[in-house]
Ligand SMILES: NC(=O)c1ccc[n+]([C@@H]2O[C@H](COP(=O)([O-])OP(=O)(O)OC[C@H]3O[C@@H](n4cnc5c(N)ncnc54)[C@H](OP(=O)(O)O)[C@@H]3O)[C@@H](O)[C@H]2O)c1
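Okay, so here's just one chain, in structure tokens, the form predicted alone.
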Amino acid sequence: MILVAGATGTTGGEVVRLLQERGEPFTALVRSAAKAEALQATGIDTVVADLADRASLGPAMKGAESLFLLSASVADQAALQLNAVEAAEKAGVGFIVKVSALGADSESPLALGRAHAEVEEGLAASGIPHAVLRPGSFMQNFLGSAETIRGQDQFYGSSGEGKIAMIDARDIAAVAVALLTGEEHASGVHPLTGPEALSNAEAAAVLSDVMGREIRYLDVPGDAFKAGLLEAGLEEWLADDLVTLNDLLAEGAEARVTGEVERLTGRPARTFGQFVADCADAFRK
């Protein structure tokens, strides 16, 4: 049985959909009874547990052969995920697929990069066979700009002309499912990207072409970008991380394209144009 942590998120939800489509036995780990009821209504087995509550994780891990590990980007992410690793080790879970991030490193300028590195180190110390997925920026991040794309025909950032090999979250999920259900689990670190590297201006051109109207990218100073993030409700530490990330993107930190998605799933990664076409309703006036 596969246990899916983060089953109600963007990537985890797609993992659940793919496992259900394949008829694979799995259980979704959710934090509340309300979320459990919503999934159960669609025929999905669930278990209620909280990564912050170690006592709840032991029973949740019972019977799990593999674990998909993903949680929200919160300040205590490392502690939460290490709780899950500890519980998995005690329960005898045989394989873990963790979603990390490109650039995860104990010396990363990003708080999230350091947190992911801490969890990766904990996984290595646990002795549990595991695969680490390190995706770059998600195409789904554009959905956060859908309101200004609809209303103003533009979106904002501070990554300059830096090219970004964005990946569709659905492809991250497809890789995770391939690893979780394969005859032989492919341990190791897998850097995941889309099939092309685009600047935000080039992404705007793709949006314009697919949507049939001109959509522009406006590059703004980092302090103005941070102000917009704070206004949107992000915590300050996360806003600071995103400003720093945009600085790194401007320098080409995520410009390299890898072929890991196709190598591990047998099909090419989705292009940005495919993503926009699939999500066109979100960007349509």
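All values derive from a computational prediction rather than experimental measurement. A residue's number is simply how far along the shown sequence it sits, counting from 1.
Form predicted together with the ligand: not shown, discussed below.
Residue contact check for Ile2: none of its heavy atoms lie within 4.5 Å of the ligand in the predicted complex. None of the heavy atoms of Tyr156 is located within 4.5 Å of the ligand in the predicted complex.
Although the partner is absent here, Ser71 is a contact residue: one of its heavy atoms lies within 4.5 angstroms of the ligand in the predicted complex. Contact annotation: Ala224 falls outside 4.5 Å of the ligand in the predicted complex, judged by heavy atom distances.
Comment: the ligand is not present in this chain, but in the predicted complex one of Thr181, Ser106, Ser187, Asn141 has a heavy atom within 4.5 Å of it, namely Asn141.
Of the listed positions (Gln77, Ser199, Ser126, Ser145), a single one reaches within 4.5 angstroms of the ligand by any non-hydrogen atom in the predicted complex, namely Gln77. Remark: of stretches 200-208, 85-93, 131-139, 157-165, the one touching the ligand in the predicted complex is 131-139 (heavy atom within 4.5 Å). In the predicted complex, the ligand lies within 4.5 angstroms of at least one heavy atom of each of the following residues of 15-33: Leu29, Arg31, in sequence order.
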